[in-house]
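We begin with a single chain expressed as structure tokens, specifically the form predicted alone.
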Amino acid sequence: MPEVFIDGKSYEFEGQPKLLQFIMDEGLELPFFCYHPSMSIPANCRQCMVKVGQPVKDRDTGEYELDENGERVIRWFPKLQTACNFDVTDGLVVKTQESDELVERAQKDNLEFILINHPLDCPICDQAGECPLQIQTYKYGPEGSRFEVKKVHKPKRVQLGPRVILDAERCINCTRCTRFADEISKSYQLTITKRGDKNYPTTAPGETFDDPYSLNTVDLCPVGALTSADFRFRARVWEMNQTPSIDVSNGKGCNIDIWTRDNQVLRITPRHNPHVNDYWMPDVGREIYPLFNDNRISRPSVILDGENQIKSSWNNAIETFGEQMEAIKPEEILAIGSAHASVEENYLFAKFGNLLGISTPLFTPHIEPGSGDGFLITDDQAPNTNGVRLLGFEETDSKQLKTAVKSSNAKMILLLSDHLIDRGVLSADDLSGKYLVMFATNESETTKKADLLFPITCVVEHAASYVNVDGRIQRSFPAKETKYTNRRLDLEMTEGRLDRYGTKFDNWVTDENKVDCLPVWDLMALIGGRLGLDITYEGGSREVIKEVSQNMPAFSGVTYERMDDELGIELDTEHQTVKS
């Protein structure tokens, strides 16, 4: 097998990889700015320079020439090479900053050139703490600057579009943003204007950077030149917890990171998954974060004597539910599941109904034809449509659901986390005369009609799984605490600096941002206890998915561990099996 020598150590390789990517794949480090594995390679930042050479072979014998010490004679390239666009070949010898003073000096000098006109505003820059330029300057850059004349000034605080703001003085012309607009989103809305040390990215005159994937350029920017108009100046990266999760804004299930501070979600960024979304995500998936903070249902609510909803205790709400259930027959209860809820929630919802003799739950997909773009935005507006199908729920359209709801047999309706009135599937009149029990996360026009409303955890408050439009089951992690959870006790939750060192006396740490809600598996255990049913899961959602995998053929062999290790598990949605 061909081999390459990097800093005196031999590595085997296959194919013809680029040197920089191969170095990173081997867990080694080489500084760079402009390179990105999913885009073209311009090699314009010049930061990844290395010394490369090839061993000399005798033309007659084909043997390697050796020096007086018995080592191979190396013919070095006359100049340093950029590793990002250099092909790895058999026998190649590479020296990085770890083993060659010339390479180390070249990288330091290059950083000095990059920093000549770069503003020294790290303390107020949004990128501080996660800035590659800042990090690499500390690790590989000069200790000071010899440039003592006035820096070049460029436009600042330029609103390129509704979501992205440009500070041109910080730009180092890596062209990542323009390449993204040309090669990935294909909006072609960004270009580089002017020349030399005065150039920077911008839109054409009169144009707006309203690309539905525009915020990916903020992630790509290796400095603070492009910032999010919404997140700008809201928090420092070291103040926040970073938790992996799944985008629930549509059916693609992009892998994301949830960023929280003081139990509030402040931003959402994409997480790499080559099977689903690569390094990207649509802006609409980032902009749903207020749903996790605002307008949340906290504590159960009941309607008394036909009046407005009033807050109730959990015990009273569960007792009210029990009394209503005992007053009617199982065949008079209609259960409606939801493609917006997880596999575990829908499974327990169906199991609860089955134990009581209620017929199989119905559900109506949330499809908006024409809203998808063939990339990461889908017509399916729900994250778990395939999951509900695989659980065996009865799929209906709006007309069929209206008929079932308005049936004289249906006296009570159990609704799981689907705002049917808000999305036009049902009207308020359709629910007239029915006793509506709803399990939901956020207030809406639908929840206002609920006679009994139970608050449940949302995707950022529990570990649960969702099956995307491609049949891949993936899972979320809890990123926010509720009234009944604690980061230090939940091993699946990340813990940040403020969690470890903040106190209740600090003005940036409060207990007010914790919602009074329960995960469905805990709520069903309480309700089941009132009705004489055993629906207890000591292991929480992990125990639920274990039961799902044992009882449902479509989910056979599915575990959280496999989802984590394999970046999701591909299910055969057609034959309802797990693909090998």
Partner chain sequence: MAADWRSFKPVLIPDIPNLDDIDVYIKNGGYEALKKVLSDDWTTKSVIEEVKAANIRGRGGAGFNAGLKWSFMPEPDGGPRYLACNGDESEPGTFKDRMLFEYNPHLFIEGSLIAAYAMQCSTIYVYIRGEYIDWIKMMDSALNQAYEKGFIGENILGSGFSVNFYTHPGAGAYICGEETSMLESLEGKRGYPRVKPPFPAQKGLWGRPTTINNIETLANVPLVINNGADWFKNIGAENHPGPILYGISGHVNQPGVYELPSGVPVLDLIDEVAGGVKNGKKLKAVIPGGSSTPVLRADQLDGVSMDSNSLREAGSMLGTAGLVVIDEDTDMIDLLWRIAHFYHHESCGQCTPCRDGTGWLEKILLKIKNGEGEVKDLDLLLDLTTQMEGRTICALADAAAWPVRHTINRFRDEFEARCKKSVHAIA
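Owing to the predicted nature of the structure, the values given are computational and were not obtained by experimental measurement. Residue numbers count along the first chain shown, from 1.
If you look for the form predicted together with its partner chain, you will not find it shown, but the lines that follow are about it.
Chemist: Is it true that 136, 165 and 220 each have at least one non-hydrogen atom within 4.5 Å of its partner chain in the predicted bound form?
Modeler: So, no: the whole triplet misses its partner chain.
Chemist: Tell me, which of 235, 469, 80, 125 has a heavy atom within 4.5 angstroms of its partner chain in the predicted bound form?
Modeler: The residue in contact is 80.
Chemist: Ok, 228, 293, 117, 485: which has a heavy atom sitting within 4.5 Å of its partner chain in the predicted bound form?
Modeler: Checked against the cut-off, the match is 117.
Chemist: Is residue 191 part of the interface with its partner chain in the predicted bound form - any heavy atom within 4.5 Å?
Modeler: Output for residue 191 is yes: heavy atoms within 4.5 Å of its partner chain.
Chemist: Considering only heavy atoms, tell me if residue 473 and its partner chain come within 4.5 Å of each other in the predicted bound form.
Modeler: Heavy-atom contact with its partner chain at 4.5 Å: absent for residue 473.
Chemist: Using 4.5 Å between non-hydrogen atoms, is residue 54 touching its partner chain in the predicted bound form?
Modeler: Because no heavy atom of residue 54 falls inside 4.5 Å of its partner chain in the predicted bound form, the answer is no.
Chemist: Though only this chain appears here, would residue 44 touch its partner chain in the predicted bound form if you measure heavy atom gaps against 4.5 Å?
Modeler: It does: once its partner chain is placed as it appears in the predicted bound form, residue 44 has a heavy atom within 4.5 Å of it.
Chemist: Within 4.5 angstroms, counting heavy atoms, which one of the listed stretches 402 to 410, 494 to 502, 310 to 318, 80 to 88 is next to its partner chain in the predicted bound form?
Modeler: One stretch meets the cut-off, namely 80 to 88.
Chemist: Scan 104 to 125 and note down the residues that get a heavy atom within 4.5 Å of its partner chain in the predicted bound form; none is a fine answer too.
Modeler: Sequence-ordered list: 105, 106, 109, 110, 112, 113, 114, 116, 117.
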